[in-house]
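Read the single chain below, which is given as structure tokens and is the form predicted alone.
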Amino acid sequence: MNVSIYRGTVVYAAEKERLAAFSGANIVVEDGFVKNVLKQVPEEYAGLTVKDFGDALIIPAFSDLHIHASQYAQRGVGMDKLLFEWLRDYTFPQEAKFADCRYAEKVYDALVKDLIRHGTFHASIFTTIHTEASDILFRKLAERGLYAYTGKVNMDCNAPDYLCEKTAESLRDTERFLLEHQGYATVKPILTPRFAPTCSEKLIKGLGKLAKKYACGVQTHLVESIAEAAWTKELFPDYSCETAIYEQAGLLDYGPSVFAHVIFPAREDITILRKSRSVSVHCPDATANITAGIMPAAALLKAELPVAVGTDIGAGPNPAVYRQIARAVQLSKLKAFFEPEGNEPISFAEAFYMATKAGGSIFDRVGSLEPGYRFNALVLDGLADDFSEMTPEEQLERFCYAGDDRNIIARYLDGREISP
């Protein structure tokens, strides 16, 4: 048995309403899992060296449940555009470049390093329609031991000719990707229809058959903007709501279902999301940048839906999930101010829970520092002032609003210290 002990101020969100904070605590890690958080080191471990971080914070690593890996190269660019203009002028031309695997190597290598630098060890990630380039990202994530779901994108209609697949070819290449990426310890394939308007009903039903055959989940966008929601209703008139398109294809039955944005859900959407325990992903920066709207996060939480956080690179310009924790609180206050009916601000504790334990729920025991969870953790320092006292919770909040990766002085993945 491999045992390590770390001393510091341990902070995590076991439940969405509050943070748990333990100053001067010893966190005992056995074979990469948290054994306990204790004030004193037990006698049985008396001979072990304790890694003492003093007053530094020890927190769970972050989970980012919506990333467009190919858009890393365009982060922070074209932010004066609306959604469909931005896709046309920037995103689709950028994604076409991933037919070149040498280009994909460079972009995906930079992305993975940046995720680790900012403390994101668990992620759900889109690639492009290109199977070989998608394989490159999968391997890079697996080589670093990150926890991830990733899949090649499917698009067979309403897309530029240079990115529009034939339905049969899209399904064939997707099955090949699923077959070639079975059995990895921390990275798993996931079905990735881009969003309903770029997928024919035949394609979506075909993906549903693959979900059953390979017991895999799905990630896509859902009711992201008023225009997108109206377009989807026009294209799929026989369905009661957008989520029903995926439900009736059987895409919500065999693995995690991860829906980005969920800004304008109908009552029927919420019913299906709750029944399937699908995760709704709040991407504050991205939806503000492309003026899609603001997720009704408090209302979804109140409806007992799992809600996580995503950076949505590249509409989101920064890979730091902790920034999105702060933005989620900010935007919930704005939504409550301008649309008071049914909306209220979320707390910092709720936003932190969304970015750690809620997002980590689609993986294997990650997102918290409770006993039994993997020791996937960050150590934060340099957040307190020497002229006034701050609680651990206040220091963590300051990190999310005003800190950056320079405050992360150590990173642990499955109990191993790692670096970008």
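These numbers come from a predicted model, not from an experiment. The first residue of the shown sequence is 1; numbering continues from there.
The same protein also has a form predicted together with another copy of the chain, omitted here; what follows describes it.
In the predicted bound form, no heavy atom of Glu180 sits within 4.5 Å of another copy of the chain.
Among heavy atoms of Phe236, none comes within 4.5 Å of another copy of the chain in the predicted bound form. The shortest heavy atom separation between Asp385 and another copy of the chain in the predicted bound form is within 4.5 Å. In the predicted bound form, none of the heavy atoms of Gly206 sits within 4.5 Å of a heavy atom of another copy of the chain.
The chain is drawn here without another copy of the chain; in the predicted bound form, the stretch among 160 to 168, 271 to 279, 297 to 305, 72 to 80 whose residues come within 4.5 Å of it by any heavy atom is 72 to 80. For the options Ala320, Ala229, Met155, Val329, the residue carrying a heavy atom within 4.5 angstroms of another copy of the chain in the predicted bound form is Val329.
Of the listed positions (Ala249, Val107, Leu210, Val187), a single one reaches within 4.5 angstroms of another copy of the chain by any non-hydrogen atom in the predicted bound form, namely Val107. Contact here is defined as any heavy atom lying within 4.5 Å of another copy of the chain in the predicted bound form, and by that definition each of Asn289, Phe338 and Arg398 is a contact residue.
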